[in-house]
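Just one chain follows, in the form predicted on its own, and it is written as structure tokens.
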């Protein structure tokens, strides 16, 4: 077994807990390129909060040499090897998000489940979260409720449009117990991986250190990205027409009749439409 693949014990722990921090580390040169691109994106979008830098691959803006850094990471065979061990050999990359909490005033991500937002049927997906900066308790690291994925159900959520929140769907369910929360602290270049049903969130960043990460989202190609029910999703600062999102078959074969025709020949953009 390659040194950076998951051991049987790690896979078992993921099944049991719903998340894992693998041994794999992103190469230093790629991490530097992604951090540089993040700085550029922030500078080029002064009217957008860094928490709302959704990346849509497609949209027709002019390509630049560094634009490929995020997409190259998401399609890297070593990353896909990890994903394959968790969801199987047929893999669709269907989304991405830069999570950047600026120092001193980074927004809270309330407790939620990702599947509350996503038009995937049957619902099955993993998120690979890359720490672009060190992610600590002090600067608002990811927090999870271990084992909360095992019911394979979506908890009740309520709408909360407070501007202090990065997203607007908040868990409001008697089964939720914040006392079981675990902080997932990471060094820059480390990954965490979590299940679509995992309850998670993060505190605001009141520290003097930025906390930035990049999430790549994958579903098994036995599931359908159902554009007919791809309701607009998002929050006070993110409005997305998920029906128009480009998706990629990155390994194996499509088994569910997914539509890969939108936007794959164009570079990504930061925007409200995907």
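Numbering follows the first chain given and starts at 1. Since this is a predicted model, take the numbers as computed values, not measurements.
Keep in mind that the form predicted together with a small molecule is not shown, yet the notes after this line are about it.
- Residue 194 belongs to the set of residues with a heavy atom inside 4.5 Å of the small molecule in the model of the complex.
- When the small molecule is considered in the model of the complex, residue 142 lines it closely, a heavy atom lying within 4.5 Å.
- Taking the partner from elsewhere, residue 52 is found to have every heavy atom lying beyond 4.5 Å of the small molecule in the model of the complex.
- Among residues of the shown chain, residue 109 is one whose heavy atoms approach the small molecule to within 4.5 Å in the model of the complex.
- Annotation: in the model of the complex, residues 114, 200 and 217 each come within 4.5 Å of the small molecule through at least one heavy atom.
- Comment: 209-217 is the region of 209-217, 243-251, 22-30, 40-48 lying near the small molecule in the model of the complex, near meaning a non-hydrogen atom within 4.5 Å.
- For the options 127, 148, 168, 190, the residue carrying a heavy atom within 4.5 angstroms of the small molecule in the model of the complex is 127.
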